[in-house]
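Single chain ahead, written as C-alpha cells, the form predicted on its own.
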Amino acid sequence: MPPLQITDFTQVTLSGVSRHYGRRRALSRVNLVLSAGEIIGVLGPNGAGKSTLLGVLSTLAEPSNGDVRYGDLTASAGGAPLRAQVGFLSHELQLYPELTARENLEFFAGLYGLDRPAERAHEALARASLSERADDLVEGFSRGMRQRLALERTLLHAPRLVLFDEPFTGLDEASCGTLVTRLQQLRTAGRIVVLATHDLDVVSQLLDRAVLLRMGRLSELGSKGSLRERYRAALAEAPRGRRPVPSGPSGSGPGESPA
C-alpha cells in the first residue's frame, strides 16, 4: 500500500458542535480552537462528555450538529488523507497481546501504509525504552510498558493532531515522567495535543491551556490560581440554561463512555 498523501493543518476549529445519543446530549454547542504547538487539557467529571469530544475530534464520531474543521477542511471533505493526520490513544491500547512489541509496531506501520516498517519499529522501540523487550510477547508487559508501546504506535505516522484519553491511568512515577517528556517533545515539534485527564497534579505544569466539560458544555478555565483551584471553582459554578435529561441507570447515553 503506498503512503497516503497527507493534508497538512495547524489548527482545528469546533463550531457549535453537539453530539446526541437519543435524548441525551453528550456534547452541547461546543466551540473550541486548537492550535499547533500547544497541549490542551480537557477536564471534567465522569460522564461529562470528554471521551465523546475526543471521539468527534478523531473523526470516529460525527457531530449531530455543528462542524469540526481541520484547517479549512471537514473530516468528510478531507477523507482518508486527513484522518491519516490524527493519532488517538484511547482507554483501549489497541495492541495485540499475542504478538511481540516489534511485531505490533511493524503491523501498524504497514497498516498506516508507511515505508521501512522494520526500521520505524526499531526507532519507536528505542523511544519507548523497550529495545531489550522488542521480541517479547506484549501479554507479559506491565501497564507502563504497554502504555509506552501504545504511545509509539499512536505516533508512528507522525500525526498533526494527537489525542489522549486518560493517558496517565495506572502508570508509576517513572512511566508518568517518560510520558510527560514525550508530550513536551510533541509540543516542540508543533503538534496539536489534546488530553482528557483527571491527573491534575501530573499535568499542572504541562498544559498550555485547560478547558472544562460539564454536562456536555465546555468552558475555558481561568489563569489565576493552581489548576486544581481553578478546576474546583469552575465545578462549583452551576451550569445555566440546562435541564438534566433522564438517562439510563449508568448515567450515560448509548455509546457514551463514562469519561
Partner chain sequence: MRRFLQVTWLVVRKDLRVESRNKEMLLTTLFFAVSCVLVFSFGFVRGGEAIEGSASGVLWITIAFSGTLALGRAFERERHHDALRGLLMAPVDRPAIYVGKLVGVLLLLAVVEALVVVMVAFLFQAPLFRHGWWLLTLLSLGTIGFASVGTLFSAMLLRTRSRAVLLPVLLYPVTIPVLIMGVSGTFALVQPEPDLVLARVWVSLLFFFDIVFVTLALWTFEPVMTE
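Residue numbers count along the first chain shown, from 1. Just so you know, these numbers come straight off a predicted model, no measurement behind them.
From this point on, the text means the form predicted together with the partner chain, which you will not see here.
The putative spot formed by M145, F164 and Y231 is not touched by the partner chain in the model of the complex; no residue has a non-hydrogen atom within 4.5 angstroms of it. Contact check for R83: a heavy atom falls within 4.5 Å of the partner chain in the model of the complex. Under a 4.5 angstroms non-hydrogen atom cutoff, the partner chain in the model of the complex has T100 among its neighbouring residues. Mapping the unseen interface onto this chain, E92 counts among the residues with a heavy atom inside 4.5 Å of the partner chain in the model of the complex. Mapping the unseen interface onto this chain, M215 falls outside it, with no heavy atom inside 4.5 Å of the partner chain in the model of the complex.
With the partner omitted from this view, the residue of G170, G113, G177, G71 that lies near the partner chain in the model of the complex is G113 [heavy atom within 4.5 Å]. The contact residue chosen from A61, L206, L32, I40 relative to the partner chain in the model of the complex is A61, the criterion being a non-hydrogen atom within 4.5 angstroms. Checking 190-198, 206-214, 61-69, 42-50 against the partner chain in the model of the complex, the stretch whose residues place heavy atoms within 4.5 Å of it is 61-69. Of the residues in 117-138, only L137 comes within 4.5 Å of the partner chain in the model of the complex through at least one heavy atom.
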